[in-house]
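Quick setup: one chain, the form predicted alone, written in structure tokens, and binding and motion questions come after.
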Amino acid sequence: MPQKQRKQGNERVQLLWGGRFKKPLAEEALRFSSSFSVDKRLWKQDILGSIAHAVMLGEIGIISASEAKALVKGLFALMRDIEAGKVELEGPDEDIHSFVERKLREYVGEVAGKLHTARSRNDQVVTDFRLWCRDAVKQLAEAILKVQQALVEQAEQHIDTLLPGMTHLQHAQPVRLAHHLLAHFWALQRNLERLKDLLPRLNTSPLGAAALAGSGLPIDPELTARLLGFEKTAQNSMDAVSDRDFACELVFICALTMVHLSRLAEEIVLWSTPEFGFVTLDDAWCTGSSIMPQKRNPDIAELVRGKAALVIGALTQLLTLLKGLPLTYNRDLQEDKGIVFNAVDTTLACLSAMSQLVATATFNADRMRQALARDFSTATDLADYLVRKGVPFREAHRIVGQLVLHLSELGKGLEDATLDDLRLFSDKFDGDALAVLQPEQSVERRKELAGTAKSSVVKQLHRAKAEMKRTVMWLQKFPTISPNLFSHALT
């Protein structure tokens, strides 16, 4: 029985179903249910998956070798024409699968109808989606790496730059700027590791699951998996078409990456204020005011901070979309792709912007050092001095707290204290206690657990560079489509 067709504009809509229906789909229902405006981004993945499927059908003998070759050549030609702009991703199609099949018919004729043998849109779309997400993993890893490179390059220039480290946004202890910047590096590194961990779960082929129960024809799912660069095939056909865990994990990684970028952006916003004065952003990464001529606003950092909300929201959207779905495929899943596309697009744009913003920023070393003046941030060092003299830490904490109160009431800082000032509160203080109060000495004492001492920071930089090299090597070995996929079109 022929497939349902309907006129729309000057084109004939070729639905992939309809034989059992007496009436055509209502125009409004078609518009409402169409996903083509969103899932057309999967055009390349859909064609590549279709080429692998056609090759497999020919190899197994489900269709003839000549038919398989015609399909592969037609799909290959369609892909080239879309890339060249000769074919536009436009039309009244229900989805990208309908578009590809309709266009393929223009290239190869009625044999295009054999392409969907032993395949459903259910396993087809999740195959496309997994391929797209796999590409996104690589793009995200490359983009994170660029931000890490910018952080490392700035850290190398500021190993000897000191500034107040903070808790509760209050001065706490002196740290090296390099150490501070590398803290952001390691947060991003965890996101890279999550991407690497995700890849084996993501890189699983569902093709062959068909609608939900598997195919009744003697297909070879392992062949299509190899051709498409998948590491393995799905273990359960029902799970294969309904699983979107990989998408949730990818969006979670995007959301957490955006949280980390937002924290970095927040510090840049604060540090660029006159009150801090720790960083000056390049003119190319600032904006001005329409009314106040003097303004240099850190809008790019603010936008990154704001866009984090969109990606966090995307994770909530996706999890909520999935939470009540019975097995197996439900049309609700049509909405997953737009959510993931937006999350990935936003994260990639923010990573790119932040890598350039950080790389071109000027950190003001003198202002950072001045901020340590009279801020009492070496008080813990003085307490540790007493501990080395045998004083219990809790008592040492009390003694130094009383000293800080005394000096602050006099308008003095710890660096202004004399030995007489110290001995007002404990006879354990000797002349060498005064040297403890200098920030340069404070940072050098913190060598343990990747602390802020220079030797520790230098080691940390070496480890960071080693991690970046490992990431580059991982990217070089990233799964790819097999060259054999196209051999049938070229011979």
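A residue's number is simply how far along the shown sequence it sits, counting from 1. Being a predicted model, the structure only gives us computed values, none of them experimental.
Beyond what is shown, the protein has a form predicted together with a small molecule; the following relates to that form.
Remark: of stretches 415-423, 139-147, 95-103, 70-78, the one touching the small molecule in the predicted bound form is 95-103 (heavy atom within 4.5 Å).
A heavy atom within 4.5 Å of the small molecule in the predicted bound form is found for exactly one of T328, N122, N297, N342: N122. Interface residue among K337, H179, H184, R130, judged by heavy atoms within 4.5 Å of the small molecule in the predicted bound form: K337. The small molecule is not drawn, but in the predicted bound form it has no heavy atom within 4.5 Å of S456. In the predicted bound form, none of the heavy atoms of Q438 sits within 4.5 Å of a heavy atom of the small molecule.
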